[in-house]
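What follows is one chain in C-alpha cells, specifically the form predicted on its own.
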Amino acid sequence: MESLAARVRSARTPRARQKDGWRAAVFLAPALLLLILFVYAPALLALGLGFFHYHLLGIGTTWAGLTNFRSALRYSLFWTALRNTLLYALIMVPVTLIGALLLAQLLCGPGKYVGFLRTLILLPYITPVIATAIGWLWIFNPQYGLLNSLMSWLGLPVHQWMQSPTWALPAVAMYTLWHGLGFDMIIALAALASLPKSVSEAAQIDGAGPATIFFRVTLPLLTPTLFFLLVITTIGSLQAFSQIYALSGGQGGPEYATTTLIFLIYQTAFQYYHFSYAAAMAVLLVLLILGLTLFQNWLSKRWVFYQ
C-alpha cells in the first residue's frame, strides 16, 4: 500500500516542487558562498600561482611554467619534509586505528564508569591544539617534565624529546594521538553499536569464543568504518600543522626533524614570501594525498566488506 508521505509527494504540483527547490537553494546559498570563498577559490588560486613567478605586490609577475615544480623536486629540504611527512603518517595511522578500535571495544558495553571514561578520552579532541600543545611542552621538558620523571621512576631511559632529532617527531605523534584519538573512538563506538547482535549471538551459540567472534564476525563488519577512519587519518596526518608549529616553536626542528611538507609550505610562503614556490609544493602535496587516497580506495575492494 502506498504510504501517506508518498501520496502527499505525488500530489504536489511541479510548481510547488520548483518553489521548494528555490527555497532550498536560498538557504544553502550562504554556506555554498563561504565554501567557494574560503575553499575552492584559494585552492584554484594556489594552483595558478604554482605556474607563475609571483611577487607579493603583483609587480613583475611572469609565467614560470613548470619551473617551480622542478625546483621543488630538486630541493633537498623538500625530500626531507616528504620523508618526515610519510614517517609521521606511518606512525599515526596504524596506532590511531588500533587504539580507537581497542578503546571502542572496551567501552562499548554498559558499565558504571563507561560514560565518564568516554568523555575523558573525547575531551582532548575539543580542546584548542595550540593551548594544549603548550601544556605538553612542559610534559616533554627534559629536565623537569612529567614524562621523563615517569620514565625515570619506571627505570626506563629518559629522552630530550622535542630537543632531540630522533624523538621530536614521535613526541609530536604522541601528542596528536592524545588529542585526536577520542574522535576515532566515537566513530568506532557508533559502528559497534549499529552492528546486528544476532550475528554475534549466533556465532556464540555455535561455540565461538570472544576472540573468534571479534576477528571473524565483528572486525569484518567494521571494515567500512575502518576504511573511513583510515582515509581521514591518513589525510589528517599528511596535513598536520598546528601541533608541529606549537611544539617546535615555529621552527620545525631540531635539525628539520619535524619539518613536514605542510610546515615547509608555510615557511616558504609566510616567512620567506616565495608564494609561487610554496604553491607548487602545495600542489605536489595535494597530488600525494590524492594518489594515496586512490590507492587506499583500490585496496579497499580486497578487504572492505559491505553488508
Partner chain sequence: MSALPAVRRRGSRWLQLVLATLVALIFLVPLYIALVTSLDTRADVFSFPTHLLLDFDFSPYARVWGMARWPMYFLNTAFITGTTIVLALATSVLAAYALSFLRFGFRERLFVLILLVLMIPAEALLIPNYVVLHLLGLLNTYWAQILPYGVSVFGIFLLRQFFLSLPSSYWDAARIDGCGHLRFLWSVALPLAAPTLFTIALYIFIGSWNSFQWPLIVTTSHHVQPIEVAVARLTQAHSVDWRRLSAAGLMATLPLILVYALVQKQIIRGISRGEGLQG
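Numbering follows the first chain given and starts at 1. Just so we're clear, the structure is a prediction, and the values are computed from it rather than from any experiment.
Absent from the display: the form predicted in complex with its partner chain. The rest refers to it.
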Can all three of L97, L156 and V304 be found with a heavy atom no more than 4.5 Å from its partner chain in the model of the complex?
no
Looking in the model of the complex, any heavy atom of G291 within 4.5 Å of its partner chain?
no
Would you check, heavy atoms only and a 4.5 Å threshold, whether G207 touches its partner chain in the model of the complex?
no
Interface membership of Y88, its partner chain in the model of the complex, 4.5 Å heavy atom rule:
no
Looking in the model of the complex, any heavy atom of W161 within 4.5 Å of its partner chain?
no
From the candidate stretches 124 to 132, 69 to 77, 164 to 172, 88 to 96, select the single one in contact with its partner chain in the model of the complex, where contact means a heavy atom within 4.5 Å.
124 to 132
Can you list, in sequence order, the residues from 32 to 48 that come within 4.5 Å of its partner chain in the model of the complex, counting heavy atoms only?
L32, L34, L35, L37, F38, V39, Y40, P42, A43, L45, A46
